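The chain below stands alone and is given as structure tokens, in the form predicted alone.
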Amino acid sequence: MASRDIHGIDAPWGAFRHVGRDLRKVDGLAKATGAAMYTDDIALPGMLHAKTLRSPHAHARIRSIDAADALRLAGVHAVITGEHLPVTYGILPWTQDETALAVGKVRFVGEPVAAVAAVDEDAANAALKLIRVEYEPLHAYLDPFESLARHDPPIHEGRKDGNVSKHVHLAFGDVDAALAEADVVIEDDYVFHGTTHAAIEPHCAVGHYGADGVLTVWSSTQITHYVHRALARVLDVPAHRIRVIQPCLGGAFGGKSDPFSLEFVVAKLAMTTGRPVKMLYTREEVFYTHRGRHPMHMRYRTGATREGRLVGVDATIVIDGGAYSSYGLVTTYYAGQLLTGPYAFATYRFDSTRAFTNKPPCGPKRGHGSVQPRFAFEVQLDELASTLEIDPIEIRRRNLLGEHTTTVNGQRITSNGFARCLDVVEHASNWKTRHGQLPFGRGMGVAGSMYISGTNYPIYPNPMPQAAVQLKIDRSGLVTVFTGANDIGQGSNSIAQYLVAEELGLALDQVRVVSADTDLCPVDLGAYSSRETFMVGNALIDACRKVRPLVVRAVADHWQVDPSRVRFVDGVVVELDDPPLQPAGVAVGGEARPGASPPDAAAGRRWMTAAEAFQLAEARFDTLGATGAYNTPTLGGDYRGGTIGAAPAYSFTAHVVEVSVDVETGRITCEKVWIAHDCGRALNPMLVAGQMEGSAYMGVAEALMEAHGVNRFGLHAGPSLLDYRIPTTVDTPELAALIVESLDPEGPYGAKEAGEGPLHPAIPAISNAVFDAVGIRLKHLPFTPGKVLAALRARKDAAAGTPAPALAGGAR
């Protein structure tokens, strides 16, 4: 069950026609009825089907590959191996260490080794069984601490730091002195397990090499532009001869924000065979592909005064990165840089090390890089409150960061609704009368967070726009928006429609959105870091405000009135003194019905349709259109890595969670989550609430159920949705979305992100609620019944003076 409420600021809502209202998504009906086209729905004449041969070893040299028998099989058109795609790639230009198919060695179970194109999937699968690969197994590193301590043989040859993927050490102020003078210091270890995305749609790609020499790739990606760049690099094809299109996407959550093997493979096979080629991953292959949440081992020391003021935070983090870099450089910084709000730190230090291991590579998952540290810190902050006998919400209030300020690590904070978020969840949950006063086995916990709205700079440094759009103004009254943004279910295409309709005074059906096609749309960098609404929204407003004055001027001159008297309302243009109503004889969308009176002759009023206004403007100014763009201002601290984690705005979230704990079985049941999220202005409250509820749901799932782990051979423990546990509707708690609005000066109409920030507090709030319920601190995820029972036994033994055994799988 879900409910929502809006806790806004004083705003002239009547001034808006579309913004701030519950509106349907532009693709909602098509998706609900099955009419939407996904990548796997694409069927081209003569299309072949491709399959991948994957490594059975976690770490091994490839001695030889023999595909002769596979090539002789009826229906097989081509077999390719690493020698056909030897160029390395990677989403970050500084860490390009992957190949589409393994070259020389394999580094995790499931790594692609060869690919086959055949007339159907059965023939392709049969051909895979005929490919002979000779491996020389090597020692497999399945523990990041071992990987850091030993690097012979190395996972990646030629690295001066052995199996270290990235190391970051940053300090702000004298942390040791601050902690030495603190009245209380809490120090402990925390473990965040690996989790994966479990999107409904598996990865899929289709490649077509046309007679015109243009390579077209349709892909279930959330970074169309970066896939386009990577294809040009790996295939050595000029970028202007490549087209990448993202059809409808069945979920991503960060799991489709890398270039993947299948995109290169279908492209190469299409170029090799001269026929279209499709590859659809099985669910098992999606688990091998992974790129999910990084496991982290975290040691935190936090000091405070007797009054609960934070004086210093010290973090040491070891990150299990898997076999390749992916976004790992950024992850290593994010693990420290994104913790410095919503609380003010007097001093802060973090030492973060990402290790390569022989596991599927990790990458970004919703709330990239900061969900894990947020869990550790918010649990430790709760323990500080308990030690000092301060209410957990009150200790958070005493350390509020505030707005229009700067964090200890140099991040600029503009709007900040976190104090309001705390007030809202405190009131909605009846915290003051229920926290600490529920029966044994029932408890409440709180946690807070801050997250980025967009990123400081592009993944590859350049001075060009980070988001760009084009508007095509048609004589019919239609405005077509061309945007490279990737709608992955969050509704970025819908937001584009709402904003353009609002800015140009049109009805919603007069705005059409074309997106994520590199041939048609200007560059957008993709759906990651909660950037689309913020950055594309600003670009859209920029474009609208370039073209609107032309139309207004044409109409004003036609009526011989001052331009300030011209108003656009739902597809109708009126003079200020006339009521903003749709005239009789005019259909929705602005088309004049046959036989309708000329605009200037209808009851003596001055009005016309948007179509007629556009025609006036086109006759005077030529073909109408506009471009818009957005780049962030200069942001971040003046030190190496200071720009990583810097964002044009930050969202803020507070959760209160209520749980019940069965002390006989160890089962935790999450009963309800109150989610207060500062999203700036809610452009569509229904979409914002949906993102808040989905984020909280995912956090609850990661806390209580999900685990992406491998066994001692490097084989995934359960690569299916039968084995990988996620909550069903039966397991999902009641969710209360409490929207808090703060109006950010940088955001479009004041909007900020709502898709990732609301996940962070759910996990620590559950741990804190368990402490309120039964008096144990859960610091090792996931919170399985076995861990609950072990913690209960440890508490009982401690009370009796019996030493407790070490928890298996604990932090080092």
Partner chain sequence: MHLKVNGDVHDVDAPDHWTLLEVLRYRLGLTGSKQGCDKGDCGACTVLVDGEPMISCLILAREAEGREIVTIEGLWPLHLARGGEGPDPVQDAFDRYGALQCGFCQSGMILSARALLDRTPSPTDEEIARALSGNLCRCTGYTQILQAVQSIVARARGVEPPRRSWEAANVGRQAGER
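Everything quoted here is computed from the prediction, not taken from an experiment. Positions refer to the first chain, counted from 1.
Not pictured, yet referred to below: the form predicted in complex with the partner chain.
- Exactly one of the stretches 383-391, 469-477, 485-493, 621-629 approaches the partner chain in the predicted complex with heavy atoms within 4.5 Å, and it is 485-493.
- For the candidate set S720, N462, T406, T634, a heavy atom within 4.5 Å of the partner chain in the predicted complex is found for exactly one residue, namely S720.
- Of the residues R712, R283, R132, H139, just one reaches the partner chain in the predicted complex with a heavy atom at 4.5 Å or closer; this is R283.
- In the predicted complex, M686 approaches the partner chain with a heavy atom inside 4.5 Å.
- The partner chain in the predicted complex comes within 4.5 Å of a heavy atom belonging to T732.
- Taking the partner from the other structure, the partner chain in the predicted complex has no heavy atom within 4.5 Å of any heavy atom of D314.
- By the criterion of a heavy atom within 4.5 Å, A323 is excluded from the residues contacting the partner chain in the predicted complex.
- Taking the partner chain as positioned in the predicted complex, the residues of 188-203 that bring a heavy atom within 4.5 Å of it are, in sequence order, T196, H197, A198, A199, I200, E201, P202.
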